[in-house]
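The form predicted on its own is given below as one chain in structure tokens.
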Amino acid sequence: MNVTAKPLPLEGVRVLDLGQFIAMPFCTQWLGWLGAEVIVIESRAHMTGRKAPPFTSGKEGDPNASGYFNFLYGAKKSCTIDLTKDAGRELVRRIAAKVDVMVDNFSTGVLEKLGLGYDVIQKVNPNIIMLSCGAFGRSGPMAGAMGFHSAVNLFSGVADVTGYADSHPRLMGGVLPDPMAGGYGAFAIMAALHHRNKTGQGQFIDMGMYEVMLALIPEAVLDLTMNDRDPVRAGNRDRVKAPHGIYPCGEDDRWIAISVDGEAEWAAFCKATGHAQWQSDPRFASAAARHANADALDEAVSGWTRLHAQADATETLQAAGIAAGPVLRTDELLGHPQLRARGMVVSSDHPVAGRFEQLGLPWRMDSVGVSYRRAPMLGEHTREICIGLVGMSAAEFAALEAEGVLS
């Protein structure tokens, strides 16, 4: 547990989380870290996230030992309710009446079939803020279409502009649309909370994941709509900067990212690398020339980087004021001194999964704090939510438990 002494910006805000894989769990974990009370509705009959690997060694299959779940459900409360039962759905409506925010990313129409759509929930909680996230949103001709990260990536157009020159479209990252949608969702919810604080009005937020991804390529959209010009895939190259790319270092499969902007930086780069003659080389004498001879330039730069270790090349270029950095493997990120110095790496102690580290919020604020806490055990807070929040009697709780509603 890592809770700061500073006030938490979302303290007092309560969130009902009906989200599934990655996008909404990512969103509500940010809200929980900022102090919101996030109530996750789970069911032992339909565990999705808790069945996802990797599991703590020796505890494969244990719903409390899922690395995926414990990575994305920190600072939340677990309430087990069987939504296939009428009494379970009614209980969720009773919880919804007590919250400020409700989120889901079921397929379009599922929440309505469960009797938990916005039209129903708004009647029991008129000022609620509800965010519903779908691959293609909840309106329009594709509202009923389903799609995971690959489909979202493709329909957004991002894959079309991503890839090497004269090659096919490429997907960016395994599940990139999900955390991006989660981040946008958290921002939208906080904007809605701000609006409600000023006006008293709640709202329904219809978020399409592919629209979130679309925000990555505004230049391509503008170029197509304004100039009727299709985007050109250019690998790691840039329209303005050169050299700009990923270059091999002296060690096996080690790389460095380098970006040089303008003549002053180019002069500094040539000096730092010991190749002052590049400045007078007609192929590289101007930005236009460097772009026109990008292949030769990349070959020349690679010739220098291959002679140096990744760390040495990075230090040399950064000391000269050049934008350069090592391409890190994921297993190197948590140990990186810059991330650790900024408090980006946080740890949790879990009663089943043990101690593990992960990346926290990607920003720091002077006036408010954060609350990094472990993920909940399955059903850990069911009694607290039902009796403490909803106001259920012990007898009613026992009856629902006996009927299998709270499982």
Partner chain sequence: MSAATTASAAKGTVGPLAGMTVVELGEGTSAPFAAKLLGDYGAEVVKVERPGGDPSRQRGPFPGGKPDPEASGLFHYLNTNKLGVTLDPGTEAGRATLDRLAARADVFVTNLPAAALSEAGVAPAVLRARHPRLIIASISPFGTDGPWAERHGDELVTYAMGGLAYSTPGMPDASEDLLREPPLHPAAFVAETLAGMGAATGTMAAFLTRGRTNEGCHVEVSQQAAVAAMQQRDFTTTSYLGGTYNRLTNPTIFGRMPNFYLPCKDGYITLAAPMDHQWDRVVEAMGSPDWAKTPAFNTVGARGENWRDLRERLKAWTATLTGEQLFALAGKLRLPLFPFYPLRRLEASEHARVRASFIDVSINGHKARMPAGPLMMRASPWSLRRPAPRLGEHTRTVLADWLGEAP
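Numbering follows the first chain given and starts at 1. The model shown is predicted, which means the values in this text are computed figures rather than measured ones.
There is another form of the same protein, the form predicted in complex with the partner chain; it is not shown, and what comes next is about it.
Heavy atom within 4.5 Å of the partner chain in the predicted bound form: which of C270, L83, A285, V175? Residue within 4.5 Å of the partner: V175.
Single option in V120, L224, A97, A87 placed near the partner chain in the predicted bound form, where near means a heavy atom within 4.5 Å: Only one listed residue qualifies here, and that residue is L224.
With the partner left out of view, is P376 within 4.5 angstroms of the partner chain in the predicted bound form by any non-hydrogen atom? So P376 does not count as contacting the partner chain.
Taking any heavy atom pair closer than or equal to 4.5 Å as contact, tell me whether N293 reaches the partner chain in the predicted bound form. Taking the distances in the predicted bound form, the answer for N293 is no, it never comes within 4.5 Å of the partner chain.
Would you check, heavy atoms only and a 4.5 Å threshold, whether T382 touches the partner chain in the predicted bound form? Close contact is absent here: in the predicted bound form, T382 is far from the partner chain, nothing within 4.5 Å, heavy atoms only.
Residue-level question: is P362 within 4.5 Å of the partner chain in the predicted bound form, judged on heavy atoms? Taking the distances in the predicted bound form, the answer for P362 is yes, it comes within 4.5 Å of the partner chain.
Among 195 to 203, 276 to 284, 293 to 301, 87 to 95, which stretch has residues whose heavy atoms lie within 4.5 Å of the partner chain in the predicted bound form? Going through the listed ranges, the match is 195 to 203.
Looking at the partner chain in the predicted bound form, which residues in 342 to 366 have at least one heavy atom within 4.5 Å of it? Those in contact are R342, M344, A353, F356, E357, Q358, L359, G360, P362, W363, R364, M365, D366.
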